[in-house]
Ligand SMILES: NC(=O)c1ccc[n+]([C@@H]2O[C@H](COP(=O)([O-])OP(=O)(O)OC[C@H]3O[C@@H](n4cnc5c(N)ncnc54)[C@H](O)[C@@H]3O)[C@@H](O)[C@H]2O)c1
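First comes one chain, alone, set out as structure tokens in the form predicted on its own.
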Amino acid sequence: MGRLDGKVAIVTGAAPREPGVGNGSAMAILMAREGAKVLLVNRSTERAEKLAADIAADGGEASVFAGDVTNTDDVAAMGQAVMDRYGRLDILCNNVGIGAGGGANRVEDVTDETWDRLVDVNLTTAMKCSRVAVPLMRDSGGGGSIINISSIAGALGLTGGPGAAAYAATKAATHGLTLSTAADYAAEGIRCNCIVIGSVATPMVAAAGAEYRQRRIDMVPMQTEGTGWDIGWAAVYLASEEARWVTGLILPIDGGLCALRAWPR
């Protein structure tokens, strides 16, 4: 039996913008391999359909919902779609996120537009999707697992990265959202945890070039890059019954970087 047999999952931002395996696609693929039925939520239908086909070829089950989770109506429609197709919801992976791009680094450089956009995409989407998911998990009768995706930027800050102040603020706020959600719904068996991602070689990072990737590796105590699969397996654990007593966890997957930089204990 798979670790997620009988469960239904939503993964937002499931298909990467560039070729390769991103965090969202790895989560979706591994959850499907472990027996979950997965709703792939993406703005791009084409990329998500390819991911669904790959999952089907691998023996799993997935379908596509095309929508923008910054839009409240689209999020409501996403919840309706998962119930119409699968009749329940057990797992939500809030994986949507963006960086600022451009040259905005320090707080004095951040424009209102950049700030509002990052808050909307990186933080508000997690709230909106969780707001829809919690009643569906409750009605499904088996508790649930919400998995938020953060970054070491939210735990340690960044220096010299584009949009670091705004990006780091949204990721740190995701930790607070995780802890509050975990506390509010623990008695109902709905768990909420957060994966803090370190220097992972996603398709988006690969496009930044070898020099940038090497700088990221040099920061990591283990002196290697992570992959989307490392994030995917962590999500499988947090979604499974193996983690039935785990909620409010802020889990770094980072090759030891947070441990080196005085992670709060």
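Residue positions are given as counts along the sequence shown, with the first one as 1. Bear in mind that the values here come from a model prediction, so they are computed numbers and not experimental data.
The same protein also exists as the form predicted in complex with the named molecule; that form is not shown, yet it is the one meant from here on.
At least one heavy atom of Arg43 is located within 4.5 Å of the named molecule in the predicted bound form. Contact check for Ser199: a non-hydrogen atom falls within 4.5 Å of the named molecule in the predicted bound form. In the predicted bound form, the named molecule sits beyond 4.5 Å of every heavy atom of Gly255. The shortest heavy atom separation between Arg213 and the named molecule in the predicted bound form exceeds 4.5 Å. Note on contacts: among Glu34, Glu49, Asp68, Glu61, the single residue with a heavy atom within 4.5 Å of the named molecule in the predicted bound form is Asp68. For the residues Leu89, Ala166, Leu177, Val96, the 4.5 Å heavy atom test against the named molecule in the predicted bound form is passed only by Val96. This chain is displayed without the named molecule, yet in the predicted bound form the stretch 142 to 150 from 108 to 116, 182 to 190, 79 to 87, 142 to 150 comes within 4.5 Å of it by heavy atoms.
In the predicted bound form, the named molecule lies within 4.5 angstroms of at least one heavy atom of each of the following residues of 7 to 25: Gly13, Ala15, Pro16, Arg17, Gly22, Asn23, Gly24, in sequence order.
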